[in-house]
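Before any questions on how it binds or moves, here is one chain, the form predicted alone, in structure tokens.
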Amino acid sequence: MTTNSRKGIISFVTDCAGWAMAGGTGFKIYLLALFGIIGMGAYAYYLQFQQGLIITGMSNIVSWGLYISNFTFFVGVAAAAVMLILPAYVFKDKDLHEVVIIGECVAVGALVMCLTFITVDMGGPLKVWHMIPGIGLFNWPSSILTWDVLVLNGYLALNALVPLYILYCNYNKKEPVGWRYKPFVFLSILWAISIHMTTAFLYQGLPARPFWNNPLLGPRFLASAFAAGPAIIMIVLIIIKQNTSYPVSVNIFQKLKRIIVISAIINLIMLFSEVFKEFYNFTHHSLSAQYLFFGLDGHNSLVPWIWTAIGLNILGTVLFAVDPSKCNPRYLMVAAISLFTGIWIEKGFGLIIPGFVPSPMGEVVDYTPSGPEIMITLGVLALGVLVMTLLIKPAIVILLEYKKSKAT
């Protein structure tokens, strides 16, 4: 690497850091709030590190809780970046090409959350070495978990390095060289599908858990991801449109809305298909579904959650499908938050917890997340939002400057 190259990279990193942290009083308060929540989560994690997972609401019956629920959901959010990459690069859609970098920044933030949730669920970072190839017992290729580690870290690398190369070229007022990054873009399309299907296979391949042992689980994972992911991207784009000078056209919102509506309808159809399968011919394998939707042996803690989720799913889908406002940002924000929240509940608590209830021995144990568990979860979510913010802000500055240079 030449001296000029080193100086160019140092200048790029320094300027990006400055742009990421620059802002008015409101933005500084926002950053302080995120750091405060992260600090709260770090303190709760310190307690968990000292005392162990005993301080969470999990038990030897329900051994996955709030951490894995959020991990499963945000894997889908990360995978949904492909819904911008596919039309932008394969179908040459100019509108979505304008915001594909922002979608990839959202994916990176979601992947940071996913990997952090896995770390805290393992009890501590000192146990991560077990999954490092050549050091720990990686069990490749027989272990589905091994494949999950590979695809998640590989997808993180693709979504970080490709936008970084494009932004670095734009920072230097140069057009990115297609052959240097486009093969990785097309690879990321297949990789995005693999990260969520592999996560689905983790659950689907457990025969002692009939609630998950369902061939429809993988496709439903993708359908819900391709609805919730674009919904959060739309929320981010609305915030960008209202607080920056970056041009986000109505056409972008219209195209995202079509993607969301189609995916959300497919997700609902698959959900109702599963409900029909569980309850039309009720067997002992349907007890988990009964626990989720109607309660079991007096245990009904998840019932209000799942019906709220279904209501929000339907509401969000209808709002996007009808949209009398013609893509009014406030209207779209309500629709996106409704759908995003509904799928978050359904695909989080509504998927993970019932898989453990009843246990293979017939035990019914309710799960309620503890205070430290909630604090750690909020801290991880704040970390992901912070990463998204610190990536998107300099990206907008660079893209705007590059547009101006091309216009002149």
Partner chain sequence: MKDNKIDKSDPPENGRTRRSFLKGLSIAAAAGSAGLVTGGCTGEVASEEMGLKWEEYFKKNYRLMSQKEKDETVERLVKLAKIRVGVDIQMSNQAPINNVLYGYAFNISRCKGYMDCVEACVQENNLDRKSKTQYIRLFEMEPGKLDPSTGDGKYHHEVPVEDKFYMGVQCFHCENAPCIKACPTKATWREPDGIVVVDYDWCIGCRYCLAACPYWGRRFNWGEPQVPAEEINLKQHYLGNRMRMKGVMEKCTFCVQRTRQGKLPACANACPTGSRIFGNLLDPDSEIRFVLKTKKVFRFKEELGTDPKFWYFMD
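Residue numbers count along the first chain shown, from 1. Owing to the predicted nature of the structure, the values given are computational and were not obtained by experimental measurement.
Omitted here: the form predicted in complex with its partner chain. The next part is about that form.
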| item | value |
| --- | --- |
| Touches its partner chain in the model of the complex: Y45 (any heavy atom, 4.5 Å) | no |
| Close approach of S370 to its partner chain in the model of the complex, 4.5 Å, heavy atom | no |
| Contact label in the model of the complex: K174 to its partner chain, heavy atom within 4.5 Å | no |
| 4.5 Å heavy atom contact, I144 to its partner chain in the model of the complex | yes |
| Option from 377 to 385, 344 to 352, 31 to 39, 46 to 54 whose residues, in the model of the complex, bring a heavy atom within 4.5 Å of its partner chain | 46 to 54 |
| The unique member of R258, K277, K326, H130 whose heavy atoms fall within 4.5 Å of its partner chain in the model of the complex | H130 |
| Sole residue of A208, V250, V322, L190 within 4.5 Å of its partner chain in the model of the complex, by heavy atom | A208 |
| Residues from 313 to 345 in contact with its partner chain (non-hydrogen atom within 4.5 Å) in the model of the complex | none |
